[in-house]
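Next up is one chain by itself, shown in structure tokens, the form predicted alone.
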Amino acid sequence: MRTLEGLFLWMAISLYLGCFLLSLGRVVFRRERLGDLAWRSVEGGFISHTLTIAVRWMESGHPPVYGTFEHALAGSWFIAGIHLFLERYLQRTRVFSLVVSPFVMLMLGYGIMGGQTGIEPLPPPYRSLWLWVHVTFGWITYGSYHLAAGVAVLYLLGTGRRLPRLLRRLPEPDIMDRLTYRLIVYGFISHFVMVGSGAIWAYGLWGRYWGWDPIETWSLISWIVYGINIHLRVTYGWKGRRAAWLAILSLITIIITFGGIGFIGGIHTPLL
């Protein structure tokens, strides 16, 4: 990691931390001023995060798709970006920073601890335009599902009996329930594009569309799991707390797909 990149990265982490502390202070002490400061902090963190990616991209000559650190850098950026996008078009979603900012920090910390922060060129087989499509939609999928689970957690807290006063600043339960569903649908469609583009790219690289690589297999499993989410909501009317718990538990398959399976040898392992 170069000096300028490290400066922007730690600035982003510091601002995300400030966002979390200010968001928590807003909820606990009911100070709107703290909420405004928290939002400015997450915006500043996202800008610094973007500059980190830009500097690394220019120095490496490729997008952040190679190794644990770059995947954590890109994945957390999409989570923060989707959060900012939601606030632009929806009301009262700034409080979601309470769950978004700590998760973004954890992802960045995981990437740094992975020990692969050096600049490395992208191997020739992966220098393809399909890489852009496959990886971009992969991280949109990742960000959408994680944010859906985060909103589901806040829904459960906000509708529970233990913390009703603490979380009065949350949107209405129906709004959070619908938002969880829409994020899952958005992620599900992006997930389909990720799998499809990966299959086309694989055919160009290895002469076959599907090889039952561990990540390919778990990506398909997780897509089916989220398809079941949508099916239960649309066909059987699942919503509320049941749907929230389902969104949270379904995230386990995504964590396995993008995290745990990377430790098993396979075609995708060199990129992780």
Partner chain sequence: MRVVAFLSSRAFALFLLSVSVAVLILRVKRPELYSPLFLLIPASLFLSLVVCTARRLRGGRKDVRFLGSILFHGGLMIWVATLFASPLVRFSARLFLVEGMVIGMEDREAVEIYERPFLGGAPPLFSFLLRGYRERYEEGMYPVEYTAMLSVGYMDGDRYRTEEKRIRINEPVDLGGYRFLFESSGWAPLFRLRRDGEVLFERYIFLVSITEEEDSFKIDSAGLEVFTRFFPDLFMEDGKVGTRSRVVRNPAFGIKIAREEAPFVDIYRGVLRPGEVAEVDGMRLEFVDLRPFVVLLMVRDPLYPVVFAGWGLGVVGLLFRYGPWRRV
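This is a predicted model, so every value here is computed, not measured. Numbering follows the first chain given and starts at 1.
Unshown form predicted in complex with the partner chain; subsequent notes refer to it.
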With the partner left out here, if you bring back the partner chain in the model of the complex, are Leu170, Gly240 and Leu246 all within 4.5 Å of it by some heavy atom?
no
So which of 94-102, 193-201, 78-86, 140-148 is the stretch with heavy atoms within 4.5 Å of the partner chain in the model of the complex?
193-201
The single option of Leu37, Ala54, Ile221, Ile47 touching the partner chain in the model of the complex, heavy atom within 4.5 Å:
Ile221
Position in contact with the partner chain when the complex is considered in the model of the complex, options Leu157, Leu122, Leu90, Leu106, heavy atoms within 4.5 Å
Leu122
Should Phe29 be classed as touching the partner chain in the model of the complex when contacts are defined as heavy atoms within 4.5 Å?
no
Look up in the model of the complex whether Pro214 has a non-hydrogen atom within 4.5 angstroms of the partner chain, and give yes or no.
yes
So in the model of the complex, does Tyr126 come within 4.5 Å of the partner chain, heavy atom to heavy atom?
yes
Given that the partner is absent here, does Met58 sit within 4.5 Å of the partner chain in the model of the complex, heavy atoms only?
no
Using a 4.5 Å cut-off on heavy atoms, which residues of 234-248 contact the partner chain in the model of the complex?
Val234, Thr235, Tyr236
